[in-house]
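Next up, structure tokens for two forms of one chain, structure 1 and then structure 2.
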Structure 1
């Protein structure tokens, strides 16, 4: 009897444990995933259909921010949200919570997605909102790749060469002093053996003057050599004034090209619209930033901090969804600066020449804050004109010139140099 009871008790405990496990799994599933939807697919659908009016944060755009929405709506949230997204107009007729949020948000009607999104797509959106992706922190500004890394390598190499030269000079100086002492000792010993007075005790400066007087040809050669070195290094120094590849100033807002142009593949022209229309590419206004950041607040603390700076500058109140705060100017630090006597037109190179931004600015999509990549010297530009082939079909305005050049240089690749790209007046007038 006792054995039977023990067996039954054990079986009961096992069944109870299994039941608790299944219930816990069900609760976890309901609290976590909620639906069988695909969050990745839901994210794409959300960007296409929902991001115009809703953010995944707390800020209001047209409708409320959707951070934590699965805990605010009636439960089970997946069932209620599915009905709401599919046909919110029908839910509004009978649901008190739906009527409340409708009134709280200015009674702005939401799009009815019945017939636009399938049930599976709606489940994907709900899964995305239940498990929004977290942004990863980017490397610090000092960890930029591309031009900054190359510049850092060049700087380290230059420092290494300078250190080696200093060590060599110091070693030669010590060797000179040692040899001078040895010579003086040997001369004293020789004089003692010959029974004559020891040599006069002269200073190093006196010895140097004596050597110069007695070795005039060698002194002249050494002076010519030193003057040549001074002229070469002086010329290099003067030529390098304001030539600063790798220059990477700090900025009031740490705008990351790596996140925008790299991760999110935003075209350069979207922000720098002047590049295909005029001389200057231009710094985008805060209105361009706010086109996206009305809804995108960032989930990473590092991003949030920088986006808050945009809101402060633009006077945007994310809680109210309005420009109700005072605006403040952003004082950017200039990165590229051509001298006034050199003319450069972005549109000529971007539209007609069809050059990629990376040609002059390097792998911008890997940078955090911007930096200078190319030296932008006259020699660098002239060399580019000599090597860059012309797009013969780029602009009908040049058709006649292109045909004449192809007839003049049959079988030759026509470069900018052949188009007059080396004429002084092209850049200096």
Structure 2
């Protein structure tokens, strides 16, 4: 009897170890996201930054489908792709292959990721592209219609792991209950053979208490382990609060940046004129829309229906050609929103820093519904300030500071961090 009990508890321990390994594999997996060439982490980055323009199949979105890309780019592919993803504009200047794909893709530029992705993240994406999962090709084909796929994908993996954990826990619970009743009936049979009274009818709770009292070390380990899981998940959850890249609310008028900034090449600044002047880029007023839409009524029924909403809002009567109806303000849903205690100024970045809108907002000219591209966390701001060299020639106002800095750090590239871009007071009121 003693022997079979030992065997059973051995089995139990073995199962528990399997569960432990599964869980800790998951934790190291999550923690390993930053190490070089992790294809899982690369998959997430791909969905967030690349899937708006690339599929992992053969179909073209904005850029070519990336199936088998590692075999067609100049070798060694890891080196070439790293340079290309980091700064394709620089590679284009000298590299014949780059010039060829640029021409083949209608001279549409890819986003420069220098400053957005770290070197390690770029290696992760390359590792992912060297070995992409097969089913991706159809899934990401839909990414160009709104970029919704970017947000959806990352959640899959998390829920998959949670499912595995739940199943393991459930299986262990059932096993415990089964073993308990087996032990009880065995004990009963043994007692009967020996001619003593059947074992006391203890409840599950009493049994558990007894086990805890007699297995102090194991109980402590289990408790410690549960606390650790709680902390790890709690930590990740807390970091994720209010961080919403990919957020794309629906809008009262189905305005498409792809149609305006993409197909019709209207400059961002034409509508968001505040971006060069001051803190807020601003959303254009209906007057700006009407500059064009008095004339442009839409070439298909779907466009016509949406453009009529502008007329309704502006109080424009297209039949009379006059603003003779009552107006109804359009309430756009705000996509980007920093907390009030953080100060962000567009002109500092767009005019002085000479940064492209796309650097922070992604390939807006391909969005059919507007979406948040960057995480907008403090780490995101600060990382870019550490990595981005400032334009020394940009602004007379800064010449003195720039010269002083160059004297202080001879031979070093001066980044925004050296200019005081890490000082709390620059970004916090």
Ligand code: HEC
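Residue numbers count along the first chain shown, from 1. By rigid core we mean the largest C-alpha set that fits within 1.5 Å across both forms. Only a predicted model underlies this, so the values are computations on that prediction, with no experimental measurement involved.
The form predicted on its own appears here as structure 1; structure 2 is the other form of the chain. After superposing the rigid core, the C-alpha of residue 263 moves by less than 2 Å between structures 1 and 2. With the core held fixed between structures 1 and 2, residue 311 has its Cα displaced by under 2 Å. Once both forms are fitted on their rigid core, the CA atom of residue 49 lies 2 Å or more apart between structures 1 and 2. Core superposition places the Cα of residue 174 5.6 Å apart between structures 1 and 2. The two forms, fitted on their core, place the C-alpha of residue 212 3.4 Å apart, compared between structures 1 and 2.
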